[in-house]
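This document opens with one chain alone, in structure tokens, the form predicted on its own.
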Amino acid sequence: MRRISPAISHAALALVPIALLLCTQAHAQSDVVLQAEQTATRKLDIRVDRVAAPAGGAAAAADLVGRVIVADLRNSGFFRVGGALAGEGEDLPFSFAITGELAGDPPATGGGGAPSLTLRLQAMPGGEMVLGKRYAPASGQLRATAHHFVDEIVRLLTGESGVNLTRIVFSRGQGDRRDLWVVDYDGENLARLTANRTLNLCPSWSPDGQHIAFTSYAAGQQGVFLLETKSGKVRRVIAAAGLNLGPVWHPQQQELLLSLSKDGDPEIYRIDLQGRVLRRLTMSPAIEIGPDWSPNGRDLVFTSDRTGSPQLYVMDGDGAARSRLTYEGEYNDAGVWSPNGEQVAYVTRIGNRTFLVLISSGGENRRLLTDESWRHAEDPSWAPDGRHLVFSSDRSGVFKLYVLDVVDGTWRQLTAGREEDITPSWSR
């Protein structure tokens, strides 16, 4: 069993081994064989031409833009990509093509001319202009510029919001020393956010991306802290006696949802950003943890062992109208609501392994997302497009982060290295 900290109370250990918010799992071999379901989807065929540029540094910068565009289109799940930069798909029946030019001196080359990047989406076979953008990228902004253009394409052609400018925050480390790190959606621009030589985990982005709430022992006991993303400043919100677990932001209000054990067993509370309790939502001898708001902010899903085993339940924001969501499986936890409110992703234990599951918010259409090849799949967090999940898995022998397309079942590894990466949270 991976143990995060000896300071975790014994009262919660009956439920904690699978809990998202404590990031602790029991790992062993299992004879259960499962097959995750996948869904076939039709994709648009799009060609990416090389971005034209003078030789030298400009050509290298233009090549970077093209490669980012190819990767973003593939990662979106909506396109089959061909062309010279894609390395395949030259014979696809292209519906669209992307062309462009980089003029002037590219960022960071030290030249005197201002860069100008023009990108176009054209309908095929005639080449009619569908979308055109002209950018003047500053130093270090070439990748972000390419991300923005693909987001515009996704929005125009599918009606969905792109995720190419989003980021993922997570906890990295070993034992009782773990720091918060952040990385772009595609695994680039990895940066460390905390360095306080203690345990920091379960981060949660504010809806506007300006703050990250997280659980930490930075003050000598477990508490909830707030990190300002621009300045890096950290302040304590609450450090009640006992457990202070897994802060989650309300989607519209400046408040947090979390579990506290200050009055006995862990219960779910709403608090403001100064640590004042606004409302206690549960009151029972059971363990109540792992809450997550629905996108409209009216309901929440949470984990309780009130029936003897951990299951997912739903209640409204006042703590009333409670109903059980999961019945299949003896150990279900870590429920997270999809951005459109129609589905809940969660973790189930079968034998001695954990799997990701998708279920409708009404409790129907349960679908397994991972199989035994993933060993243990944990800590799901939705992308704002409602199509992708980031989660942690030890399929390589150490827990790293992966991104899964829940529509077609494709996946990619997000982080690498020898230390464990757990409890990711995808920015809005």
Partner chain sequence: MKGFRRWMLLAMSLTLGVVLAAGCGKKPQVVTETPPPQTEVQPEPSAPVEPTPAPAPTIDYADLAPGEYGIEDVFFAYDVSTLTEAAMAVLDKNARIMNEHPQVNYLVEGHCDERGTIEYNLALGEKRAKSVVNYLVSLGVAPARLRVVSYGEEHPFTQGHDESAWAANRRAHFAKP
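Positions refer to the first chain, counted from 1. What you are looking at is a predicted structure, and each value in this text was computed from that prediction instead of being measured.
The same protein also has a form predicted in complex with the partner chain, omitted here; what follows describes it.
Student: Would you classify G351 as touching the partner chain in the model of the complex, given a 4.5 Å non-hydrogen atom cut-off?
Tutor: Heavy-atom contact with the partner chain at 4.5 Å: present for G351.
Student: I'd like to know whether Y217 contacts the partner chain in the model of the complex, with contact meaning heavy atoms within 4.5 angstroms.
Tutor: Y217: contacts the partner chain in the model of the complex.
Student: Whether Q221 contacts the partner chain in the model of the complex should be assessed with a 4.5 Å heavy atom distance threshold; does it?
Tutor: Judged by the heavy-atom cut-off of 4.5 Å, Q221 is in contact with the partner chain in the model of the complex.
Student: Does at least one non-hydrogen atom of L199 fall within 4.5 angstroms of the partner chain in the model of the complex?
Tutor: Although the partner chain is absent here, L199 would touch it in the model of the complex, with heavy atoms inside 4.5 Å.
Student: Only one of 154-162, 256-264, 136-144, 275-283 has heavy atoms within 4.5 Å of the partner chain in the model of the complex; I'd like to know which.
Tutor: Contact-bearing stretch, as computed: 256-264.
Student: When you measure heavy atoms, are G77, D184 and W293 every one within 4.5 angstroms of the partner chain in the model of the complex?
Tutor: No, the candidate spot makes no contact with the partner chain.
Student: Taking the partner chain in the model of the complex as the reference, which of P93, G175, P125, G232 has a non-hydrogen atom within 4.5 Å?
Tutor: Contact check passes for G175.
Student: Can you work out which of V344, L312, L243, V150 has a heavy atom no more than 4.5 Å from the partner chain in the model of the complex?
Tutor: The residue from V344, L312, L243, V150 that makes the contact is L243.
Student: Does anything in 276-295 come within 4.5 Å of the partner chain in the model of the complex by heavy atoms, and if so which residues, in order?
Tutor: Contacting residues: I287, I289, G290.
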